[in-house]
Ligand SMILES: C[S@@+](CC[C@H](N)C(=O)[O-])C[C@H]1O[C@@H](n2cnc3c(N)ncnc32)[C@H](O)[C@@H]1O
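Take a look at this single chain in structure tokens; it is the form predicted alone.
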Amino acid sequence: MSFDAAFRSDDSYFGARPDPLLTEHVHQLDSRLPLLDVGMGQGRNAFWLAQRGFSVDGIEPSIVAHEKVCELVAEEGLSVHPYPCTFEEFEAQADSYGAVLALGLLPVLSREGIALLGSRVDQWLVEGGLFFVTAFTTDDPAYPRIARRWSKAGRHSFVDAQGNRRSWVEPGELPRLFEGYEVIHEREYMGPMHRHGDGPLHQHAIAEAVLRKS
């Protein structure tokens, strides 16, 4: 299923609540600086932040999600500014951001894409700015199934016949992907059982980090 189809099928395909990593560490954000949400989806993190006084730019290539976010911005009048493009195409609208969010994005990027994201984040962040990032580890229950059925396209990275990609990191690897950052928080755990839309129940082995640009 494409993300357009997924977002068309459910107004909160990835849930309505913000990511727990964000809610646990929101107190470390400077509300005077704009934030950037990379892969904002239907806006669950961006709108939660805007409701708390932050100004958020959001990158999301899905036109379906972009149109929905625009509707909500018009209805609620919150400071969320959506951009219908990929992070590679995005031209920063602020001189610098106090934080960049990449929550749930790494699993659909290639290894080269992850490296490019790291270089772009370094351009976007102010000195001392925070990078919120999550990934799935190779302990993920879906990893062996995908590794058997999909074509290998890099280290712990696979694609199917439709071009869908899934990538994983090894346990302990996530902060090492973004060298030169101070690790403020790092955790790996098995996430709760959940479903997307009317899909099957499943869970993920999650790696999360909050990194500070030094």
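The first residue of the sequence shown is number 1, and the count goes up from there. This structure is a prediction, so every number in the text was calculated from the model and none was measured.
Separately, the form predicted together with this ligand exists; it is not shown, and the next lines address it.
Of the stretches 55-63, 147-155, 173-181, 23-31, only 55-63 has residues with a heavy atom within 4.5 Å of this ligand in the predicted bound form.
The contact residue chosen from 88, 139, 76, 122 relative to this ligand in the predicted bound form is 88, the criterion being a non-hydrogen atom within 4.5 angstroms. Distance criterion of 4.5 Å from any heavy atom to this ligand in the predicted bound form singles out 108 from the list 126, 108, 115, 92. Although the partner is absent from this view, residue 44 contacts this ligand in the predicted bound form, with a non-hydrogen atom inside 4.5 angstroms. Contact annotation for residue 135: none of its heavy atoms lies within 4.5 Å of this ligand in the predicted bound form. For residue 104, a non-hydrogen atom is located within 4.5 Å of this ligand in the predicted bound form, even though that partner is not displayed.
In the predicted bound form, this ligand stays beyond 4.5 Å of every heavy atom belonging to residue 35.
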